[in-house]
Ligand code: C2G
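Before any questions on binding or motion, here is one chain by itself as structure tokens, the form predicted alone.
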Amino acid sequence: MKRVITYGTFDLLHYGHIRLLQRARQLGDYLVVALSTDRFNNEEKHKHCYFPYEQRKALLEAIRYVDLVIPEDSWEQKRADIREYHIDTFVMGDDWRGKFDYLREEGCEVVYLPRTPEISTSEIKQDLHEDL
């Protein structure tokens, strides 16, 4: 079984997220999604989420491409996750290109997928703010 992992906040879930998850799942047989916790988003990423962790997790678990959702609570946990979940392929959007190449040392493939250019959570939040 080929296992794939990806990481993200997945707030205000949209079709760009779905496309990323679909393409990640196509690279293997089992997709693990490491979902940023509220603490990690607030304290490390300096992001405020509309939906709390448990609701974002429930949304991801309802998507057919996702087999397992785990908490992401630090930048450093990726190596441990790759080992613990026996990951073969690490996937991120291409806006992170090169940032995680060091994970190849763990024996897994690192893939950067093109983002869906016309959609982003940041743009949705900005557009909603402008409409108020």
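One rule holds for the numbers: they count along the sequence shown, beginning at 1. Because the structure is predicted, anything quoted here is derived from the model rather than measured.
Although it is not shown, the form predicted in complex with this ligand is what the next lines describe.
> Between the options 29, 95, 54, 44, which residue brings a heavy atom to within 4.5 Å of this ligand in the predicted bound form?
Replying inline: For this set of options, the contacting one is 95.
> Taking heavy atoms and a 4.5 Å cut-off, does residue 24 contact this ligand in the predicted bound form?
Replying inline: It does not: once this ligand is placed as it appears in the predicted bound form, residue 24 has no heavy atom within 4.5 Å of it.
> According to a 4.5 angstroms non-hydrogen atom cut-off, is residue 108 in contact with this ligand in the predicted bound form?
Replying inline: Because no heavy atom of residue 108 falls inside 4.5 Å of this ligand in the predicted bound form, the answer is no.
>> Please determine whether residue 50 contacts this ligand in the predicted bound form, using a 4.5 Å cut-off between heavy atoms.
In response: It does not: once this ligand is placed as it appears in the predicted bound form, residue 50 has no heavy atom within 4.5 Å of it.
> Is there a heavy atom of residue 100 no more than 4.5 Å from a heavy atom of this ligand in the predicted bound form?
Replying inline: Because a heavy atom of residue 100 falls inside 4.5 Å of this ligand in the predicted bound form, the answer is yes.
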